[in-house]
Every structure is written in C-alpha cells, then in structure tokens.
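One chain follows as structure tokens, the form predicted on its own.
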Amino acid sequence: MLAVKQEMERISEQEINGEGLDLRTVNQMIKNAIRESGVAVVSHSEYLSGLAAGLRTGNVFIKGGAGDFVGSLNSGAKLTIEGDVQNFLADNMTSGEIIVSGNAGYCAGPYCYGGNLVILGHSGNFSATMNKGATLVVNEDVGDDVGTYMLAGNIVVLGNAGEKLGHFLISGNIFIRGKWQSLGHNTNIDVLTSDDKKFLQQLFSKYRLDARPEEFTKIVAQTDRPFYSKKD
C-alpha cells in the first residue's frame, strides 16, 4: 500500500498543467510522461483541440474536460476524461479505450475501426458515424442520426435516441434500452441472442453500468446494400 501511495504522489507531482501552453507542447509532455512512467495526468486543457492524439500506449487522465478531437487516432492507450468533451471525440480510433465521465458533443466516435468508447453522460448528433468496428457505449441519451453509415461494431445506448437512429445502416448492431424518435433507412428490429446478452453483460460489468441485457432492443440492417432499391 505504501508503494502505491508513493507512486500516486509522484504522478501527481508531475501533473501537466496545460494552461497557456500550445497543443504541440502539451502532447509532447504527455508522450514524455508515458515514456517515463506509463501514466500522464493533464489539467487545464479544455481549450485545446487534438489533445492526446495518436497515442499507442499508456494511461492518460484528463481533468476538467477537453476540446475537439481528443483521443483522435488512438491506437492502444487508455484515456479517462473527468468532465465534458467537445466534438469529434476519438476520431479514427483503431484500438484502446476512452472513458468520458461527462457529455460528448457532435459526432463522437466517427470512423473508428476498433476500441471501446464509453460516455457516461449524453452524446450528440451523428455519434458513431461510419463506425467500422468500435464499441460505443452511452449511459444516457444520444442525439439524431446516430450510427449513420455504420459498417461494423456496436452501439449501446442506455437512454433514448433522437431521429433516424441507424440511418443507412450497413452492418453492425445497435442496442438501445430507451425509446427513439424514429429509425433510419435500412433498419430492422431483431431478437437478442445469447451471445448478444453475454456481450452486453460483460460491458455492463466492466464499466459498472446499471442495466440488464433483457431491457434492450436490438437494431440491425435490413440488407447490406442500403443504397439500392430491392429491384436492383
């Protein structure tokens, strides 16, 4: 226990205060901290867009929220963000994990190939646009056009959704516990399988979310050719 306490104190002493610093400087300081100890703690960086981009390893704790494009191109790091984030969170993430304690703005998790993105608050319009394999979990509500053009992966919404949920869905799964204002083009309601329930339960247990798989509706694509008419 003493060793753990000393390590946390050492990390706290090396906290990166982003106030007044430019993005390039802060991101380099994050990489240096990860190289040295595997952990970086950042504060006063809400005004920066592109924070902690392109990381391949390490644990990053961001205090007070972040701007646009936080965690973009993440390929293996774990980011924990205490607060709200702005737009294009985790853009083009390929692997790793990003957890946001607050809300996310417009188009969270676009073009992601893999990894887990967990938003404990609300998420805005066009979340998980062109998702190609990542898992997006939103503990509260999502906006309109969520999952538009999704090609693979999973979206799990514990709250409600706006209009055109899963618009032009190509493949992948959307699981939603609440209601939606409307479903998008090429969507269909399907039956939860035993594998679906196991997958959801593992997520809820891992992130300590108060939900049961049986409460969710599964939405899938009607066809993998949503841009063609049935006679084409």
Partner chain sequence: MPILGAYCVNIDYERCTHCGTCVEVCPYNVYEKDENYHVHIGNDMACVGCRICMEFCPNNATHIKSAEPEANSRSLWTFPIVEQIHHQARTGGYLLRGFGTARRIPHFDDLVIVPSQLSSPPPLDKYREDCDVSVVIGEETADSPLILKIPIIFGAMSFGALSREAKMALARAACRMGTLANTGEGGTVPEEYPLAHGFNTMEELMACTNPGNGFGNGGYLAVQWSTGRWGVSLDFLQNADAIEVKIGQGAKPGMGGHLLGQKVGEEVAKVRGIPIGTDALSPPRYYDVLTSDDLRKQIAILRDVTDYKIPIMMKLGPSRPYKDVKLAAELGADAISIDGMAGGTGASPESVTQHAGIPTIACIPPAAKALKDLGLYRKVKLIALGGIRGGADAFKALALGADAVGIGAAAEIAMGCRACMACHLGNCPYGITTNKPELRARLDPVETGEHLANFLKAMTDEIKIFTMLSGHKSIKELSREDLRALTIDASAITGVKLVGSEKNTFRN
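Numbering follows the first chain given and starts at 1. Just so you know, these numbers come straight off a predicted model, no measurement behind them.
Just so you know, the form predicted in complex with the partner chain exists too; it's not on screen, but the next bit is about it.
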Quiz item: Among 177 to 185, 22 to 30, 192 to 200, 58 to 66, which stretch sits within 4.5 Å of the partner chain in the model of the complex, heavy atoms only?
Solution: 22 to 30
Quiz item: Wondering, does residue 224 line up within 4.5 Å of the partner chain in the model of the complex on heavy atoms?
Solution: yes
Quiz item: residue 160: heavy atom within 4.5 Å of the partner chain in the model of the complex?
Solution: no
Quiz item: residue 119 near the partner chain in the model of the complex, any heavy atom under 4.5 Å?
Solution: no
Practice problem: Indicate whether residue 115 is a 4.5 Å heavy atom neighbour of the partner chain in the model of the complex. | Solution: no
Quiz item: Within 4.5 Å of the partner chain in the model of the complex, do we find a heavy atom from each of 83, 101 and 138?
Solution: no
Quiz item: Using a 4.5 Å cut-off on heavy atoms, which residues of 95 to 129 contact the partner chain in the model of the complex?
Solution: 106, 107, 110, 111, 113, 126, 129
